[in-house]
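Shown below, as structure tokens, is a lone chain in the form predicted on its own; questions about how it binds or moves come after it.
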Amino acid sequence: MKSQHKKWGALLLAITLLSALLISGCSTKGKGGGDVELKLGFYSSAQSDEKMQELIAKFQEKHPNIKIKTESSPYNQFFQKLDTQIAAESAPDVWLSDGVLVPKYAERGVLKDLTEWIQRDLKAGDYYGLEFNKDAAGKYWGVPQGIQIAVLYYNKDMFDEAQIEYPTDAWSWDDLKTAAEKLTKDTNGKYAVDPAFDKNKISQYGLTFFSITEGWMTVLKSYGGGVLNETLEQSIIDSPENKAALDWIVDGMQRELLPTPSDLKSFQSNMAPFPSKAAAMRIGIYARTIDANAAGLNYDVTLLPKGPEGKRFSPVIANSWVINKKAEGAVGEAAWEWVKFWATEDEVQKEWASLGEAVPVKKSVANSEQFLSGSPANKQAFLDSFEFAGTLDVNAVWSEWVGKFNDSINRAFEGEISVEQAMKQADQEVQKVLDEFYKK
């Protein structure tokens, strides 16, 4: 009798497992169990297109019932077209979003809430950056495809020539400025610490400084300031902490240790001074290693400096896969299979990391010898920076308020108005943008 019960139990277990497998196997089938067509959108580049196509082919080998139709174009065109597609309800089922734009789509009701799927299929502790797509209510709206996180880059040859020690993780912003004085050089070869230095004839800046991600936000936040409060709906620009941070920046620009926005116009791009050997240091995200390596620089990286109270901040952009809210049923499941393919497969993460464009999302790959080897030598600094990393106060109107902030603060950087005037003006303009969206 006991033996019969065992047989029935085994049979019941087998039926249950078979049913589960059948359900799982059919989860991404279209109506009638046929193939599913998945519209996949991504911004393309000469460096990454071939690798993306390779990974799409590998995905389809693994999921023969999911047929991927791609929609891609260069960055600006992709997002302009995407806005039009969203308005016409014809956006891709899943697309690669710039990390700063995820809240724009989420808060306008365009994206699928991924919270249940992430909690079911992903172990949060295995990844860098999952939390950067989580809103104030705890909902997840995307899964990072790769992480951009900022560190301090420095040209070792320039430091050696000036005979000063390389930066360390103990540096404050004042330490950086002291070094920048010894590294900023005019066309006569005189450094800024020399009385004969001519600041109207700069050949080499101590630190290059570019906009929000690789410029002012890092300084503001490490001084205890910022732009928006925790709700991301209220400006906190006009504060003593921001005043101190902006005074530090403007002082550096007035002494030509840092280029002003108009100084940068003499370069091919705002990002050119460091790889073109016109700056000894830069605040830079991981992707900037590509240009530095291509230029053959003798350089390394370290943690960003600390503020007056010892606070440190590293800005993060988590470019992410997001799923269209309208991707329901088998199409939605197929879209999630694509996202999981990127997040959970070590081989996929390694393949994409080989391009050198981003820090891998999966910790096992990011901490591997394959990622940490090569140039720069101290890649560990990118991983250590996650301890004090944060977003750029991203919300649904991020692009709009950043534009208003830059309009005001750049006038202080150029010496047209005082820091106090720029802060008050920026505070009013940014709050107006926030009110128009959040208090409709």
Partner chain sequence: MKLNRFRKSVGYAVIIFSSLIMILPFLTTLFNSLKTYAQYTAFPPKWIPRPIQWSNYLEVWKLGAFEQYTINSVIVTVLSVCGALISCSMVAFAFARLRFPFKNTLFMIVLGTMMIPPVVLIIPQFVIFKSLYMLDTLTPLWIIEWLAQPFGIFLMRQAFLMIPKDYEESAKLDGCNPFQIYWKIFLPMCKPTFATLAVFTFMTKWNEILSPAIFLTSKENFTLPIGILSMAGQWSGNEQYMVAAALMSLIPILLVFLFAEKYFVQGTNSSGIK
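Please read these numbers as outputs of a predicted model, since none were measured by experiment. Numbering follows the first chain given and starts at 1.
Beyond the structure shown, there is the form predicted together with its partner chain, which is absent from this document and is the topic of what follows.
The stretch that touches its partner chain in the predicted complex, counting heavy atoms within 4.5 Å, is 289-297, out of 242-250, 126-134, 361-369, 289-297. For the residues Ala192, Ala353, Ala272, Leu228, the 4.5 Å heavy atom test against its partner chain in the predicted complex is passed only by Ala272. Checking Glu89, Glu347, Glu165, Glu116 for any heavy atom within 4.5 Å of its partner chain in the predicted complex turns up a single hit: Glu89. Shown alone here, Gln47 lies within 4.5 Å of its partner chain in the predicted complex, counting heavy atoms only.
Among residues of the shown chain, Gly329 is not one whose heavy atoms approach its partner chain to within 4.5 Å in the predicted complex.
Heavy atoms of Glu357 reach within 4.5 Å of its partner chain in the predicted complex, making it an interface residue. In the predicted complex, at least one heavy atom of Asn319 sits within 4.5 Å of a heavy atom of its partner chain.
When contacts are defined as a non-hydrogen atom within 4.5 Å, all of Thr70, Gln77 and Ile285 contact its partner chain in the predicted complex.
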